[in-house]
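Take a look at this one chain, the form predicted alone, written out in structure tokens.
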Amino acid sequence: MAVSVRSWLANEAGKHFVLMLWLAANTWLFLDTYLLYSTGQQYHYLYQMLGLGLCISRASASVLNLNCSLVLLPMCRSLLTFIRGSHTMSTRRMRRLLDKSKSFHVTCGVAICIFSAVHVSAHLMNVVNFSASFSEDFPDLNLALPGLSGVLLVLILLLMFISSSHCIRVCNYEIFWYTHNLFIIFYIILMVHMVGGALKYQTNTEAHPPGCLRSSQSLQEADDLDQKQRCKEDAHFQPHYPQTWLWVSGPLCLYCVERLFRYIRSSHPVTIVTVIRHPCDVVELRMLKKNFRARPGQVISINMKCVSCNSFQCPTENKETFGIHLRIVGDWTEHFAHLLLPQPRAALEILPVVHQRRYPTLYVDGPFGSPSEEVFNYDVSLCIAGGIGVTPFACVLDALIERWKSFRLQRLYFVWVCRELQSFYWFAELLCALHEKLWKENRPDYLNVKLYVTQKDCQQSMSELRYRPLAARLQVGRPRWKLLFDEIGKCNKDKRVGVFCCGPKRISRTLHRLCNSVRSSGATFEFNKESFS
């Protein structure tokens, strides 16, 4: 499949440019620090004693300082949401880059792990060289090892790295959540690491040029060593004090202010209005919170004191309430649904009105920005959902019912792929309501709906009269994505089409490739992907 340069630039150029800047900064820091310790006069005697291990350990430490400061910035979600919402500060290209903030966080995290391994290996080399080249001429130069702080940093980092794996996040999200909050301890230890000044540099290089003839050396030794200048005084050494705090204190304070702001904002519990069980293990939760405002497509985090927290799309909002849809998959959602929904036996009881069900205390943090906010900023948008991945686009449909004429969007293609037919009933009424409204206002071409049920043996259909508009658009089998893109491209020649995907990775990979492929129609497909893992 040939790649279109125009499409590749639209989808990949921004993130690759940032990646190249990041790589250039890391490379420059590494080489600059390496050359400083290998050729700097103030480190001459230290380099003679430790050799290559000194240069590598200090160069990797500089790279670690940079990445430990950058890794926090993508997690300032409220700040990123503010920048995204301020159209005077951000363009669409900038907002699409902000959507890659999690990927940049992961990239910096991987770099921290790699260079930590390099740093530890270099220090082990330093130990070997130090034991073999212990300096009797300069006893003040002999170093002391960092000791316990370095070991603790490695253990915490290893624990955070292992718990960040996909399998652990899926199987037990709480392990990932609690181990990642060890970052506070990690940064405190990091800032006091090397506080004893284990490495020392020479302070009097003018009075004692490196390699000069010391008073304890004879002229014969000077001739053998090709030394012509006699030292004016003995070499003086001063310990290096930690500089890590200069790198990380700013981002760390910014992130702590962010967390404090989010804690205050989410400290008041929400009022749970209704909890509805839908087909295929999906639960709808509607809530009420004072002064809560969310733009269509934004994300919220929900928290129960006994269940930790997780992120969900805020799909539907009206003047009184807002709601989420979640599918019961995994231990977190199972426990969450168990606390919200009555047990089967209790559900059969008929309770008086005065004995309403008491829901657990629930806290909401957010809203935060997400790629789905950009649906309205294109002339043509294509929304593709897989199963419960429809939730980001449900809020889009809901907003269109209220004020579709106020948006820039002129045409919306909506594709929904589900394994079971019953899944379409989650938002069937919403789709039909929007369809009916557009027909009444003489814009039936505004919304193009395609529904796919992948169960080959499915013989059922949406036979209810009120769902007749959807029954005509229901197909059995998987979508033929290339034909779908070619059809949309022919109808929208030379236009930019925003493609928004929320679903399995297999679908998103296919769509990503298609968005970068050559189109005879000249249409450019800009790929945007939702991610909550």
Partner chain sequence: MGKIEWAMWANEQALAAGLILLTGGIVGVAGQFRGWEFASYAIAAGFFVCMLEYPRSKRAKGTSVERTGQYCFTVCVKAFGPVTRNYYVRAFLHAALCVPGGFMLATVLGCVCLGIASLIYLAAAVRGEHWEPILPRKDTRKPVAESIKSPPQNPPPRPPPEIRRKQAKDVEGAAYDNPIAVTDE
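The structure displayed is predicted, hence computed values, not measured ones. Residue numbers count along the first chain shown, from 1.
Unshown form predicted in complex with its partner chain; subsequent notes refer to it.
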Please run the contact check for S103 against its partner chain in the predicted bound form: heavy atoms, 4.5 angstroms, yes or no?
no
Partner proximity in the predicted bound form: E174 to its partner chain, non-hydrogen atom cutoff 4.5 Å
yes
Is there a heavy atom of K493 lying 4.5 Å or less from a heavy atom of its partner chain in the predicted bound form?
no
Its partner chain contact at R478 in the predicted bound form, heavy atom, 4.5 Å:
no
Whether L158, I168 and H335 jointly form a contact site for its partner chain in the predicted bound form is the question; each needs a heavy atom within 4.5 Å.
yes
Mind telling me which stretch in 122 to 130, 288 to 296, 257 to 265, 425 to 433 gets its heavy atoms within 4.5 Å of its partner chain in the predicted bound form?
122 to 130
Taking 4.5 Å between heavy atoms as the contact cutoff, choose which of I188, I83, A207, V154 touches its partner chain in the predicted bound form.
V154
Heavy atom within 4.5 Å of its partner chain in the predicted bound form: which of N448, S301, T107, S163?
S163
